[in-house]
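Taking the form predicted on its own, here's one chain by itself in structure tokens.
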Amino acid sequence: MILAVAIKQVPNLTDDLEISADGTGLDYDALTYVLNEFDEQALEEAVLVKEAAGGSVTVVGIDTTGELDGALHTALAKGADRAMKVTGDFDRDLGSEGQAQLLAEAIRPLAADLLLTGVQAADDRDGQIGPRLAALLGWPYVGVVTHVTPEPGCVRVHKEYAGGLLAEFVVTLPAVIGVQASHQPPRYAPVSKIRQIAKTAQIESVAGQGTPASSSSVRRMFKPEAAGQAEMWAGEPEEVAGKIATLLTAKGLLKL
């Protein structure tokens, strides 16, 4: 089975995020990037399918940051067989529509049987990468998936609904699957293995075709402002922890 995984780098949410001077986005010079959490789950599920049914896994991403190689090397260390990056003069906040156009053009020649991607990304405004890719490729799409089982000519997937409901679908291939969580935790790739792969692996570059469309834009971005509904405690961790313990004790939620 030929599998493809669309991945994306997103800002590291453990960092302090600063807004740009024009107020329409983040200050990209102050950001560090990591692999989107849901894409990491999709990669793990793809590798599990490969291990169960045989075949190969190709990871594809758009290099909007100039730092995608690290994520691709990590994907290879985790079990992917091939890595590709779409290159060009793209905005870092390229929307889902533009991303899907570029990814579809890069993925179509792979003749993949199954394309997996994260169900959404931390910096998405719409979570539409999977559905848009399916529309452009003319394939069926199922999202919010937590388990993919390969079968002859199809895959059996578990899809989650609100309220804890779970459904099972049999999807004819080729298809696009939006993964919410792999049915096993993503495997760990040692730093030593990633460094070794970085020295020997070849990352294929694909020039992005045309000018990607964008269906939306950000007019203004603001930091959340305190509105007097919460009391913000400052101080050393031990001091703040003591205040929390005192409050919980006063409300009868904790006994010291």
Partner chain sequence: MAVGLDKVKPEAITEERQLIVDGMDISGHWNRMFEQRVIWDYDTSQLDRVTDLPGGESLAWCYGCAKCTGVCPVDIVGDYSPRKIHRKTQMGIDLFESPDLWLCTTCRNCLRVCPKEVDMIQIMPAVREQAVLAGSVPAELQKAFEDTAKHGNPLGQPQRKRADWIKKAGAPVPVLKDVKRPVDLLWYVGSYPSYHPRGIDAAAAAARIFHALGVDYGILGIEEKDDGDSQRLAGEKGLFEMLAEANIAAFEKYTWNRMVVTGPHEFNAFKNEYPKLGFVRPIVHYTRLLVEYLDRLRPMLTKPLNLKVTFHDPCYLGRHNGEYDAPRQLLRAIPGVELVEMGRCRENGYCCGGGGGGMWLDSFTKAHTTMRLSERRVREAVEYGADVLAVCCPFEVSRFEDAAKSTGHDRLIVRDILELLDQALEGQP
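Residue numbers count along the first chain shown, from 1. As the structure is a prediction and not an experimental result, all values here were calculated from the model.
Although it is not shown, the form predicted together with the partner chain is what the next lines describe.
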Next item on the list: Taking 4.5 Å between heavy atoms as the contact cutoff, choose which of A30, V218, A52, V191 touches the partner chain in the predicted bound form.
Entry: V191
Notebook entry, point to check: Of the listed stretches (58 to 66, 227 to 235, 192 to 200, 43 to 51), which one has a non-hydrogen atom within 4.5 Å of the partner chain in the predicted bound form?
Noted result: 192 to 200
Next item on the list: Answer yes if any heavy atom of G79 is within 4.5 Å of a heavy atom of the partner chain in the predicted bound form; otherwise answer no.
Entry: no
Item checked: Interface membership of T14, the partner chain in the predicted bound form, 4.5 Å heavy atom rule -> yes
Check: Going by a heavy atom distance of 4.5 Å, is G88 a contact of the partner chain in the predicted bound form?
Finding: no
Check: Wondering, does P140 line up within 4.5 Å of the partner chain in the predicted bound form on heavy atoms?
Finding: no
